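The chain below stands alone and is given as structure tokens, in the form predicted alone.
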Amino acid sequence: MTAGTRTLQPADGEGLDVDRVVAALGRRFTVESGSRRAVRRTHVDTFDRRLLAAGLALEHDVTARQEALVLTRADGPGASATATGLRWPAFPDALPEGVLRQTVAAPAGIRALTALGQEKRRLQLLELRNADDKVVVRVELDEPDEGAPARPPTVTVRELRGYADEAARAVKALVATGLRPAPDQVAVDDDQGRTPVADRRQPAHVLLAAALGGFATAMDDNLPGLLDDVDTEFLHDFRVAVRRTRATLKIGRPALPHPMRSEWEPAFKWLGDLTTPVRDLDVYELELPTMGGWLVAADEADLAAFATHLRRRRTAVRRALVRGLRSQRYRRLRADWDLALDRLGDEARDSGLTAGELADQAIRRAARRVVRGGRSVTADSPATDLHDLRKRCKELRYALEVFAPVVDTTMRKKVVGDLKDLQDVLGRFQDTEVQRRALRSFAEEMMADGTPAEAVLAMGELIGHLDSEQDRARAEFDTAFGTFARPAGVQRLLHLGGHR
């Protein structure tokens, strides 16, 4: 419900008695009724519901006369805009300029807006006039079309500036007919990120099967958007599910049957390797605007040739990715994996490990490797040492995620917070190392293709900036690791690792 509006609806299961509504309002105002019009309403959000999480709801209404976007906020006034020829999916920059686009663009970020559902409605506008024949309130009747299962009918009272008392009287008249305030249609999704609590005494393989099944579902959910190239986050989220699967197979080895190690770890490594080239190029394309800001001697326009080179490379490697994901090998992998998970969830394992015991072992081992590896890093350590430590941090992070249902929630969140800061530093160090090598390779390819010298020189400046960034990240490492490995942090790790 937005500021300046009140939305009401009939009691559960009841329809809207339009004649009764008009009669009730007519006792206080002169009612001018518009004609009913059919509308096709599309509910729009990003695939991962970023607008919902931000307390926003976006609708695309199409009638015979016009198209309109209607944005509702949970905490303030909404917005609307006339739209022409919108097709979904679309990125926020395809929306009409103005407040609505600015409000939507912030939470949507780099994600495309997609159609989540569609319904047919019938709308009718009532204008309420006072004794001076001035329009003081507008009332919108919104009903589902005949035979169309949808949300219940609503009556929305829209207050006009300076006529708050009249709007309040209109609401009072409608409540007297039996209408009641409608629940807010926009609400922040408070369940996002919550982890169901599990029994530490349950068999470890049961928890692992549930986690692996969730990752498989995430892969399936993101595959269509990945194949259609809707936005880059479908591939990113697909890869995250694959990485989590691989990590869970690794940390779950003591409680998993041997085929999980001999057959499925290599299978998911193939899948991860298949998706890497496109994701690497996506990252460069997404960061191009930021890279342009690094330039001092060169001009941002000099990176146009680099952008063209990236798009050409991406088109080529994406063909291989799509072929792989549409291949019989991938279809067989997914079908056989579902069967393997079904067997894992149903069979009784002989390892004897409970979920709590495996959680303690996995977290304790991963934490020990991080602390030992971090303490061995010196000013003279090669870059490979920091890269290895980054991988160990990932293993600890995945263990904390997989076993979240059976460890202390408050303690885990504090450890994850400390670990995230360390991972950020190590990530920047490693990313700059990889990006420097890649940019040199790209520059060589572009020179061979006859790219103008200005573009190559601009890329050289980017490489110089990355050198400085890597030095900065290396300088920040000691502080980040010291914070992570301080006595209180180590004590929390010991607690999560079973030393209670």
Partner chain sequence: MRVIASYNIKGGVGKTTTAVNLAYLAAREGSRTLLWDLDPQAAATFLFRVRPRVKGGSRGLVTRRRPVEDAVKATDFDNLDLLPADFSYRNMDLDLDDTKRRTRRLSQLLKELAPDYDTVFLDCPPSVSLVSENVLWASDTLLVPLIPATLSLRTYDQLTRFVADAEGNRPDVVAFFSMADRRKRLHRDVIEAIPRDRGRVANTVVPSLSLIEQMAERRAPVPAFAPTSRAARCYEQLWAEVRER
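Positions refer to the first chain, counted from 1. All figures in this text were calculated on a predicted structure; none of them were measured in a lab. Under this definition, the rigid core comprises the largest set of C-alpha atoms superposing within 1.5 Å between the forms.
Below: the form predicted in complex with the partner chain, not depicted.
- For the three marked residues, 213, 237 and 246, no heavy atom of any sits within 4.5 Å of the partner chain in the predicted bound form.
- Only one of 205-213, 319-327, 362-370, 160-168 places residue heavy atoms within 4.5 angstroms of the partner chain in the predicted bound form, namely 160-168.
- Though the partner is left out of this view, residue 267 does not reach within 4.5 Å of the partner chain in the predicted bound form, counting heavy atoms only.
- Mapping the unseen interface onto this chain, residue 273 falls outside it, with no heavy atom inside 4.5 Å of the partner chain in the predicted bound form.
- Under a 4.5 angstroms non-hydrogen atom cutoff, the partner chain in the predicted bound form has residue 135 among its neighbouring residues.
- Remark: residue 130 counts among the residues lining the partner chain in the predicted bound form, judged by a heavy atom distance of 4.5 Å or less.
- After superposing the rigid core, the Cα of residue 29 is displaced by 2 Å or more between the shown form and the other one.
- Relative to the superposed rigid core, the position of the CA of residue 99 differs between the shown form and the other one by 2 Å or more.
- Core-superposed comparison between the shown form and the other one: CA of residue 330 displaced by less than 2 Å.
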